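As a starting point, one isolated chain is supplied in structure tokens, in the form predicted alone.
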């Protein structure tokens, strides 16, 4: 294979819904997933919600012959749930854990315990270097009242930063995972506009799968239709995104999704549908690269910059909403803690009465006295922990808001420079415009 040969890469992504002892038919479904992956022979397999390392080791053994290279990303209390299997040698890996990931007291949602993160693996695909990312963002749970939206927006912001800063030397960028965002949601627009990543479903030349590329469908037996309200047919929240570079073009020749139940099996692989994208990587020649750069349209670049400024401004507004909410919660925790401290102090005063007034008897029954003391201490301990947690949340939100403010300033300067150049030199060829994913944040 010469350096100018195109490379075909089949990428697979699936949220496995692998919660041991809670997810239905978990061992049977992992066996089905392993059989399917051995049969399909994908180049890159990106899995989410592989919560048990035992299940990862099962798949690693099962796929040893067809996918000899793999990595499991460990994070949080029960792990990130992220895993990658590859035909190509994995040269390096890195894990970045998101600074915000829900609330520990929302145990029934469980996202906080999972330590949501983005994992990166560097591979060689022919003569090209590929940065492959797998991630899983915080779930939505309620479309009408989404209390986790600021956290998910910050996760999307950190994800695009991580991709931009780690993929500078990559010829190809591939991202797969459960983003838990609809195609036009704020976080999705922020991620794609800032990085320049393209959606396989929108770019594919051939599609075979669920209507509108949906990955949570009402026909899946593991899905409750109540979870999809107000989207009765289903939603699209799982993605395979990609981007080329000055050294390579990337095209999506075909894409497919599973469609619920698997033939000859009583149930599907997961509550999510699996995605497969066949990407074609074509190295560029230096002549093609120069010609492409010269043909860039200044008005298009200006429009993209203006759109990106609006998106980041919208994201910053949402983060500010989260800031105000976190400040309120921290104030409530502090006020409740002060009440607990006051009650505990009052109890100490009451306990000291018999010692200060000789011969006096304890005014309260001893059992009630001890129970009230335990209650006050528990209140003080709980509110102290919540105060610390909300303080950490505030710092993370404030840091993201500051970064967005600097980013908006940097983008506005570039936009102003483009417009001034156009006004002063209307007939002059526009200056070289950077790729959408190459915007550099203000330091």
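Numbering follows the first chain given and starts at 1. This is a predicted model, so every value here is computed, not measured.
The form predicted in complex with another copy of the chain is left out here; the points below concern that form.
> When another copy of the chain is placed as it is in the predicted complex, are 158, 166 and 402 each within 4.5 Å of it, taking any non-hydrogen atom of the residue?
Heavy-atom distance to another copy of the chain in the predicted complex: all three under 4.5 Å.
> If you check in the predicted complex, is residue 385 within 4.5 Å of another copy of the chain, heavy atoms only?
Yes, residue 385 lies within 4.5 Å of another copy of the chain in the predicted complex.
> Tell me, yes or no, whether residue 253 is in contact with another copy of the chain in the predicted complex, where a contact means a heavy atom of each within 4.5 Å.
The answer is no: residue 253 has no heavy atom within 4.5 Å of another copy of the chain.
> May I ask you to state whether residue 345 is within 4.5 Å of another copy of the chain in the predicted complex, using heavy atom distances?
Output for residue 345 is no: heavy atoms all beyond 4.5 Å of another copy of the chain.
> Would you please decide whether residue 105 lies within 4.5 angstroms of another copy of the chain in the predicted complex, comparing each non-hydrogen atom pair?
Heavy-atom contact with another copy of the chain at 4.5 Å: absent for residue 105.
> 143, 206, 89, 225: which sits within 4.5 Å of another copy of the chain in the predicted complex by any heavy atom?
By the 4.5 Å heavy-atom cutoff, the listed residue in contact is 89.
> Select from the listed residues 306, 351, 339, 371 the one whose heavy atoms reach within 4.5 Å of another copy of the chain in the predicted complex.
Looking at the other structure, the residue within range turns out to be 371.
> Of the listed stretches (207-215, 265-273, 108-116, 313-321), which one has a non-hydrogen atom within 4.5 Å of another copy of the chain in the predicted complex?
Selected range: 108-116.
> Could you run down 101-137 and flag each residue that has a heavy atom within 4.5 Å of another copy of the chain in the predicted complex?
If the 4.5 Å heavy-atom criterion is applied to another copy of the chain in the predicted complex, 101-137 yields 112, 113, 120, 122, 129.
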